[in-house]
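Let's start with one chain on its own, the form predicted alone, as structure tokens.
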């Protein structure tokens, strides 16, 4: 693991025009396979499983899940079994993401969309625990209490790296932003960019993760209008904007997570949300393996994106 993750200055014309200093916290560089918030969130679960003598981890995800991809590799490296409960059909097992998960030893169980909807229900989880009594069940996206400790290290690292006023990040399940909020303790303005549609429910999920301390944390906000049409959805215009920004900056922002955060930051800057002279941190949460899936599905052009190499 390469920690602390470095900072890269992001110089785009709009930021210069608005007199903003913008840096990317390069968690995408932590590790070539387990990068970004996936490593941060999984580290606590892996330590817990080994400390309690468990045999492995069970978790949930879609056919191109960053979380499933990272969990499979991390478990292999720690000599733990991994079981992925996957929404969709068995033929997905040979796709870009799941073929690698299988090569790292993950056992895949494909379930219907109806069954997948039960993944957070108590009865379903209790039955799953009975089936795998010697495994730790990790929620979809890795967002639970054990995830907060690893994510907190982002704030600790930033304290040693730079003075700043704002930190922005993409939000899918809420664990990363909850960990930042808790550790930051109202020192900075934290903005989460929801990457899925109708995401207001995540406010409650985040507060649940914060637990007893939630009422004392007030300097954060979940932005729900920058989802680009919904989870894993994006426009051709957005993709072309990202291709241009990637070339200008030398940093790859993919269109499902980090790209939505970047586009939201640019729009906020254009609206004068930030004050001249502010320093802004963009937390790059990794997920670049998703580019391979998008290329495989023909959703982005091969000439504009390079396939990540995980060999």
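Residue numbers count along the first chain shown, from 1. Small disclaimer: the values here were computed from a predicted structure and weren't measured.
From this point on, the text means the form predicted in complex with a small molecule, which you will not see here.
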Among the candidate stretches 87 to 95, 232 to 240, 168 to 176, 102 to 110, which one is within 4.5 Å of the small molecule in the model of the complex when only heavy atoms are counted? 168 to 176
Can you pick the one in 45, 59, 285, 265 that has a heavy atom within 4.5 Å of the small molecule in the model of the complex? 285
Classify residue 228 as contacting or not contacting the small molecule in the model of the complex by the rule of any non-hydrogen atom within 4.5 angstroms, answering yes or no. no
At 4.5 Å between heavy atoms, is residue 257 in contact with the small molecule in the model of the complex? yes
Does any part of residue 40 reach within 4.5 Å of the small molecule in the model of the complex? Heavy atoms only, please. no
Taking the shortest heavy atom distance, is residue 150 within 4.5 Å of the small molecule in the model of the complex? no
